[in-house]
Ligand code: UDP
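As a starting point, one isolated chain is supplied in structure tokens, in the form predicted alone.
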């Protein structure tokens, strides 16, 4: 009796979404997976590499600190790398001086020249809030209600304008609600149980996830649906993790993103700023922050350093999309693209495809959320193939 050929899957993108999905598929069923990425390396925006001149591990597309409360996700990444403890202690360089972020008891006392205890500070900050604002309609109103004008204008207004390219009144109030304000001296930027950075970098973690005899990786391979000829003899199914609007050739218009660029800081110093990340919220400083990469690996010792200034701007053709803006116009456009995605496999020239990851679902997601969603999605996909039903097209409901 002749056995049926093993299904072959194509995954577009080698970030965490695509690689975790690929690994889960080959571990969950008899199949082959081919992973394509248009870049010359795996790991997407998490890519890390050693600086040739200094030996410092550089986060090529900006800092990534892994943080999660999800024990399953924490155990999963530890299968493929040694994650060393790391606490992100951000500082803010302002016209009023250098302060600890997020805003905590030390920030408040230093900023106002006081020595308040937690209860005193809580009552003091409450007294600064704008009492005329009942239900904040936007980011600025939320900040003024929570913090008062001085803290808002020093730490948030300028940074927000630079980061998002719009006035804080154009952003939803929920953006600020996610930022912690602490009335103790805890300056850990995150509040998650597990926090760390892989000792050998994120790219090595991704390589190990992809290190399976049934997974093939093709780099420098750009996927273009208009010129791609799908054949069931070549692939049983495609999983796409790139930008959703790009998949459809921007037929409905471009989804709004902010992107970031980096400028190398020329220095002969062995330690440029004494910290991994320093924010620059003042509007008269053109960049948003400086990150010094040797401080992301405090277990290593380096005689030289590497630092980059980070600038934020609108995403143009050819830029790497980073942060989805998700304004009202973007939300309307997203609905159109999701509708196209839902009907693509039954449209003329279509083929069976699912969309996964932050770019393909147009959401800002931390690494832990990306990994968790890829694990859950892969379980649903495996079940659908066992039951001979169609896999889900998207991992999330529209929102």
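Positions refer to the first chain, counted from 1. Small disclaimer: the values here were computed from a predicted structure and weren't measured.
Here the subject shifts to the form predicted in complex with this ligand, a form of this protein not shown in this document.
Proximity to this ligand in the predicted complex holds for none of 9, 36 and 205, with the criterion being a heavy atom within 4.5 Å. Interface residue remark: residue 219 is not counted as part of the site for this ligand in the predicted complex, having no heavy atom within 4.5 Å. Contact between residue 101 and this ligand in the predicted complex is found at the 4.5 Å heavy atom cutoff. Within 4.5 Å of some heavy atom of this ligand in the predicted complex lies at least one heavy atom of residue 160.
In the predicted complex, at least one heavy atom of residue 189 sits within 4.5 Å of this ligand.
When this ligand is considered in the predicted complex, only one residue from 237, 247, 308, 155 comes within 4.5 Å through any heavy atom, namely 155. The single contact residue among 183, 83, 74, 323, judged by any heavy atom lying within 4.5 Å of this ligand in the predicted complex, is 323. Stretch-level contact check against this ligand in the predicted complex with heavy atoms at 4.5 Å: of 161 to 169, 296 to 304, 111 to 119, 265 to 273, the positive one is 161 to 169. In the predicted complex, this ligand lies within 4.5 angstroms of a heavy atom of only one residue of 362 to 385, namely 364.
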